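Only one chain comes next, encoded as structure tokens, the form predicted on its own.
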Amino acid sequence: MIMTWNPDFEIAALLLTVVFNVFYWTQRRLPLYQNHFFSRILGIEVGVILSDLVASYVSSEGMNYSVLVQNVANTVYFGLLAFLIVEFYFYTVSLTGISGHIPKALKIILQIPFLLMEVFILSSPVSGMVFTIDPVDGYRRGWGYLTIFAFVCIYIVLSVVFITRFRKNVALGQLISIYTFSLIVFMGAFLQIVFFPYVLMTNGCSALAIAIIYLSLQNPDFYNNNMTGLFNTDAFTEIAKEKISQNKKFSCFGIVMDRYATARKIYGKEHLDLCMTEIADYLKKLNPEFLTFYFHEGCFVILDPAGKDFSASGIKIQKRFDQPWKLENGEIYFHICTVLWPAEIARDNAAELMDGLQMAMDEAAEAGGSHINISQELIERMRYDGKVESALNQALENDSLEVYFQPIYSNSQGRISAAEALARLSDPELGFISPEVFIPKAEQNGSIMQLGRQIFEKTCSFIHDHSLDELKIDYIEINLSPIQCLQEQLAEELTEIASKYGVSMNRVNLEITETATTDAGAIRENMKQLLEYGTTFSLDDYGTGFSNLINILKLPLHIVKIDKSIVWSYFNGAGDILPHVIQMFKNQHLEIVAEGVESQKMADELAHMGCDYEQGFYFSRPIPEKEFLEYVRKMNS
């Protein structure tokens, strides 16, 4: 009796797979190992489905086809099926990024099941192991047919083991997709072998699983920038990750449009986007071996897999940018900043590469448009920044930031009348970390809010534990970051913390910087609420910002702290603006604190100029709580 199969699932699978092949092969793809294996999976799947349809047809029409034709058709089908399963295994390993680190002997051992399976399949026309063709009864499953299912299971299990073992190297979406693929293929093979031998459903399930992989992981659109047609930052991360894991050298060349934001305001987003597209087209044609990426806002990166020094290409690019770029409403010149990461400068991982390029491009732009060769020194500085960020996050999590206090001397009272609370950070590995380093880092990564709360709470704890009246201290100054000043619930949050420690807000003077005053409406509202609780305000570091003086004077300030740069400039003979600044604010009935006082001469002259308070190393550097208490008791006794 000749067997007849139901091909409905197979035909639907063929249509689905052909569609995905068309979409996949007509789009730009990154030269990644995973893309290489996936493209082979797509092609082999079409071959598997077609050969299965052919084999099932000639086998069901056995009276019309010779035994040889039937043997060839079934051998081709089972042979391609084995290739498909092993290609999926290779694809999974490529996702983990460890294929280049697997010992050669282990690679050979892991391919033994595949080689045995091919031997079984190729020998079946003689041995009848996987299938047999009887001249009368036609196609029959061989005595070892279940080895096919065992083979499928072996490589599915290996794929799951690899992706699970190295799950830290893959994204959650990749992990879920591989698990889903494995389950669907396993169920398809199991159901056809055990329950529905006459329904061609294995490849229907395989096609469905491939569709899931395509839609969740392999869609080329994930790695393309739609505006420029170049690869995007995700694509750069993936290619860098693979090359670093394979220990392959490559060089990168970054290009930044100087004053891009200004140009966007002048020419408009639409015209500037068209200009970026024109620049992208030029860079794409520069060298067919290069991979070109568009990061963001006029920032391009070119990766050379050959690891060349970019000298010739860099000169060519610079010459092109010396010429205008055509726009519909005119021409635009772009002055560019460039960055080179040479192949010989090592990078530990893709994240470090991205951060290093970004840091160098930012520095080049800040330098007014220059070229920077990334050096080992810059890499070490970047790694130090990463360690600082880690130490800061750890300190915030463990509530281990320290508060130091710097005394403030009152000229009228002849004593230490206040102190500034300052955040300090120490790390077992890095030691003391300057606030000039970790404060900007906190502002960049968004942890400045948590830092501000922690310092405020620890200062309130200090006030609670020590009588300021006994110390003859009127108040403690606490800095507010510009981000804190914009927080709508600032007053509520601070007063709640103060209440927790039983501290009156009139024992707190909050310092704001000129930067915070740029949004006068938000800061004024917060100041209004806090003033009602008795808090006073100082303008910190006057002279370091660029705020409108009229806006500053509109704020309900009590004190202005003149930055040490202005003070030192006066005493070094580099400028005489200091007395005028003091007099200007005195005329507005504001009290003055001079920062950076370092000698008796400076202290005497500043007092003569009319400064109400003085702060600096002449009196004391910022010191820990215990030292501060001892110092104040001695000075105010």
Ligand code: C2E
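What we label the rigid core is the largest C-alpha set whose atoms superpose within 1.5 Å from one form to the other. Being a predicted model, the structure only gives us computed values, none of them experimental. Numbering starts at 1 and follows the sequence shown.
Quick note: we don't show the form predicted in complex with this ligand, though the next part is all about it.
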query	finding
4.5 angstroms heavy atom contact with this ligand in the model of the complex for D612	no
Close approach of F617 to this ligand in the model of the complex, 4.5 Å, heavy atom	yes
Heavy atom of G47 within 4.5 Å of this ligand in the model of the complex	no
Contact of D52 with this ligand in the model of the complex (heavy atom, 4.5 Å)	no
Residue (of L396, L422, L468, L557) lying close to this ligand in the model of the complex, criterion heavy atoms within 4.5 Å	L422
One residue of I302, I210, L480, V93 in contact with this ligand, assessed in the model of the complex (non-hydrogen atom, 4.5 angstroms)	L480
This ligand in the model of the complex: contacting segment from 502-510, 72-80, 414-422, 378-386, heavy atom within 4.5 Å	414-422
Contact set, 588-604 vs this ligand in the model of the complex - heavy atom within 4.5 angstroms	E595, G596, V597, E598
G47 C-alpha moves between this form and the one not shown by 2 Å or more, core aligned	no
Flag for E443, CA shift 2 Å or larger between this form and the one not shown after aligning core	yes
